[in-house]
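Take a look at this single chain in structure tokens; it is the form predicted alone.
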Amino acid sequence: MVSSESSTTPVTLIPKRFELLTLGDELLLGLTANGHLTFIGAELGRRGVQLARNVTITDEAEAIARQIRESLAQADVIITTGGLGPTCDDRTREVIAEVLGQKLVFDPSIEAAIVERFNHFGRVMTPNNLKQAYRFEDGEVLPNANGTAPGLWFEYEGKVLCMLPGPPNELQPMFIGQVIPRLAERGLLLMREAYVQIRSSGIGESALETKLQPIFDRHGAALSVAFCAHQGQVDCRLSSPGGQLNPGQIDAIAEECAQLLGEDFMCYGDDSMAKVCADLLRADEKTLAVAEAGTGGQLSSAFTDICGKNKFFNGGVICSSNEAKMTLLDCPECMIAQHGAVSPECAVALATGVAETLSADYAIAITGFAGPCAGTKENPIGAIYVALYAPHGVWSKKLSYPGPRKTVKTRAVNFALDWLRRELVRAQAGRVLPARRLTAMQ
């Protein structure tokens, strides 16, 4: 089943207005991307809430006060990010306290946590850090396990104000571990996810909808369907906002969709392609190694981000120069001279070499011209060769991805991951291709 929950209770939620206020001059200057909107919007969406709006404002006291008054007048839940730190431009706590008529009180427990964190890293705490030890007199503290500025929680005339620090590594675990549960306990969010998400790869958004439409048509207006395309994959979210379908029925619809998609079905939820491959490798007790001549470690990084990587990932080799290819992976000099470093033959040699060098069951190699320089008439910028080594053979495929360097590298990595995923799915099902040494495909 999609989930372990079995319920006939419709999933419904009384609508409330949520607003997100992201503070910081660095956001408006474009020095920092507003990842808080993406993260918080997605987490709330999973629990049945859509942000009514996001407002990004400067660090100026007047701008903060004006916006918080406006939001308090029309929103039920207000979430702020940033401006809780120790420096002179961190004014959020003080300004909002004045707007609310709340006295700021010094909290010794916050001071102790700040001191402990500085001691842990062997650093001397400067006096201005104690600015973070103040909280609203009638509010609560949200402990920050990854920083010095705690979050603040305040309930005001039936409204909820949640103030979070700006650094993502501090905000994100606090939001998931503390804010989401608090909002759910108050009936402002659903206790379980509001929709089932089907993640697909290798099929476009329009083709995905066309393929699944006959299933959707059987449920009419009771079923809500939404699509979201990402680089290399498309998500399809199934829900029943009116509550006509219970969670068990939505799970059953999602499973039917997954069966129809076959190998284009990637996973339920939001796991990355690398995580899906990792789970398949671990399930069969197989290992992987990678060789990268065109993606600079981006493929390796996708796997090293996964907890428990040592169980399935033997390692990676970044071999940009021909000398590195020959020295580290035994890529024959005569083959490079005859066919070139960007060729199906070289890709196969790299995949085979890294599999043998690192004693891996599977291996992926990527070589190519990501641009903006280099390239040849036969292999212009955007020409990429990916090779896959498996226990039953090794193959190479040629890709053509014209575009900016970063985009070419990302698309090459996504293709390689999806190819590996499909091969692992076939192997798990006992459906492997006949052994071949090399097939170059456009």
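Quick caveat, the model's predicted, so the values are computed rather than measured. Start at 1 and count along the sequence shown; that's the residue number. Throughout, rigid core stands for the largest set of C-alpha atoms superposing within 1.5 Å between the two forms.
The form predicted together with another copy of the chain exists for this protein as well; it is not shown, and the discussion that follows is about that form.
Non-hydrogen atom contact R422 with another copy of the chain in the predicted complex at 4.5 angstroms
No, R422 is distant from the partner.
Though only this chain appears here, would S300 touch another copy of the chain in the predicted complex if you measure heavy atom gaps against 4.5 Å?
Flag for S300 set to yes.
Wondering, does R405 line up within 4.5 Å of another copy of the chain in the predicted complex on heavy atoms?
Contact check for R405: yes, within 4.5 Å of another copy of the chain in the predicted complex.
Although the partner isn't part of this model, could you tell me whether Q50 comes within 4.5 Å of another copy of the chain in the predicted complex, counting any heavy atom of the residue?
Flag for Q50 set to yes.
All of E70, S320 and A324 with a heavy atom within 4.5 Å of another copy of the chain in the predicted complex
Contact check passed for all of E70, S320 and A324.
Please identify the residue among G308, G187, G177, P214 with any heavy atom within 4.5 Å of another copy of the chain in the predicted complex.
Residue within 4.5 Å of the partner: G308.
Tell me, which of A390, L27, L417, I384 has a heavy atom within 4.5 angstroms of another copy of the chain in the predicted complex?
Contact residue from the list: L27.
Pick the stretch from 103-111, 155-163, 300-308, 241-249 whose residues have a heavy atom within 4.5 Å of another copy of the chain in the predicted complex.
The contacting stretch here is 300-308.
Since the partner is left out here, which residues of 53-68 would have a heavy atom within 4.5 Å of another copy of the chain in the predicted complex?
The stretch touches the partner through R53, N54, V55, T56, I57, T58, R66, Q67.
Rigid core fitted, then: does L399 show a CA shift of 2 angstroms or greater between this form and the one not shown?
No, because once the rigid core is superposed, the C-alpha of L399 moves less than 2 Å between this form and the one not shown.
Spell out whether the Cα of A75 moves at least 2 Å between this form and the one not shown when the two forms are superposed on their rigid core.
Yes; A75 is a residue whose C-alpha shifts (by 2 Å or more) between this form and the one not shown when the cores are overlaid.
C-alpha of T87 moved at least 2 Å between this form and the one not shown on rigid core
Yes, T87 moves 2 Å or more.
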